[in-house]
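There is one chain below, alone, in structure tokens, taken in the form predicted on its own.
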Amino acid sequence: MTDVLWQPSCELKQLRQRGQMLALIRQFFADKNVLEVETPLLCHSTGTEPQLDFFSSIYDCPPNKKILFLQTSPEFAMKRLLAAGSGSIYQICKAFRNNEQGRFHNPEFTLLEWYRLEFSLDQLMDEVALLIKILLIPIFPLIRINKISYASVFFQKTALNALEYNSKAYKDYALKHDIPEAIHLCSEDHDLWLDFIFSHKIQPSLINDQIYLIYGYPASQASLARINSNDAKVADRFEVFINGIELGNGFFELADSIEQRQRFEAEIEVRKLNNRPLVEKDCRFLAALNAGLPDCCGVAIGLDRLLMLLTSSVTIDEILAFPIDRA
């Protein structure tokens, strides 16, 4: 019997569509004079986010051995370039996240990440929407844009206040809407409640062939974004959704090295409490912030998920030539 395991798992049509998509992206940024860059995938540090798992490897270089990390995002290295004076930049690269495999997840995936100097968050949202419309015209010629704040969409869908935790209201909602497990899983952790309700009740409703740009995430979920200067309850952060699929995450970038160090330390403590693998703060990144990061906004878009939409694919494996089980 002939061994056919060498064959790619997706059709040549999808491979061509990926190539066409990448060409359109590069032309889009060339027209805007945004520089394409390349940063290392294997680095001395990695992100500290409590929810992410990473891949590590031993770099055996006598007389020392070092632990190096495959990057979950090129963000830190790209911001080091920004601090060095690169100007607006973009990158198409692989990223890696451990313990992630499913309909929308492969441990190795393709990211488009870009940073625009002197852009407001609203300007970046407009640019994201424009690029996605260009890429999805073949399948969604009349796609619409829907900008809405996190608090507004949360209230519209649940009648709950996302910015102020009310234990009784949240638990009553869980009982009335067939997610009683949230009471045990989330306990009194407001952020866990927000993530659980959003993923189970709100995200699936973000449909009807619209580009949803949801902005103003709670300040407790700021990640690498600045806190809004007019409302300390929210962060200058947005996420992108189409037909229930999360495509990207954008920030008005935090430039304060002291605050960023404090956030890293807080996340490391959460990792300790949850018995997650420990990491150290990225001192090279913090040094770049200390030297001076220009005002900028940045976003990362998952290109594999975008290609799923473009090809009407049900799973990410359908558009990957070599998903992890065949890699």
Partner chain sequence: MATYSTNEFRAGLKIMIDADPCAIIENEFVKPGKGQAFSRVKIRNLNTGRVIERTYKSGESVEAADIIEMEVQYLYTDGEFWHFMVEDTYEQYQADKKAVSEAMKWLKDQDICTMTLWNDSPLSIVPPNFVELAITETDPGLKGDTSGGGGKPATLETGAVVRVPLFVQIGEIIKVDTRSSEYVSRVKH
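Computed from a prediction, not measured in an experiment: that's the story for all the values here. Numbering follows the first chain given and starts at 1.
A second form of this protein, the form predicted together with its partner chain, is not displayed here; the remarks below concern that form.
The stretch among 154 to 162, 119 to 127, 242 to 250, 139 to 147 whose residues place heavy atoms within 4.5 Å of its partner chain in the model of the complex is 242 to 250. Among I92, I227, I179, A83, the residue placing a heavy atom within 4.5 Å of its partner chain in the model of the complex is I179. For the options K171, H190, H105, K133, the one in contact with its partner chain in the model of the complex, meaning a heavy atom within 4.5 Å, is H105.
Within 4.5 Å of its partner chain in the model of the complex, a heavy atom is found for every one of E49, E100 and L185. Its partner chain in the model of the complex is not approached by K79, whose heavy atoms all lie more than 4.5 angstroms from it. Contact between K233 and its partner chain in the model of the complex is not found at the 4.5 Å heavy atom cutoff. Contact annotation: S199 falls within 4.5 Å of its partner chain in the model of the complex, judged by heavy atom distances.
Not displayed here, its partner chain is kept clear of D256 by more than 4.5 Å at the level of heavy atoms in the model of the complex.
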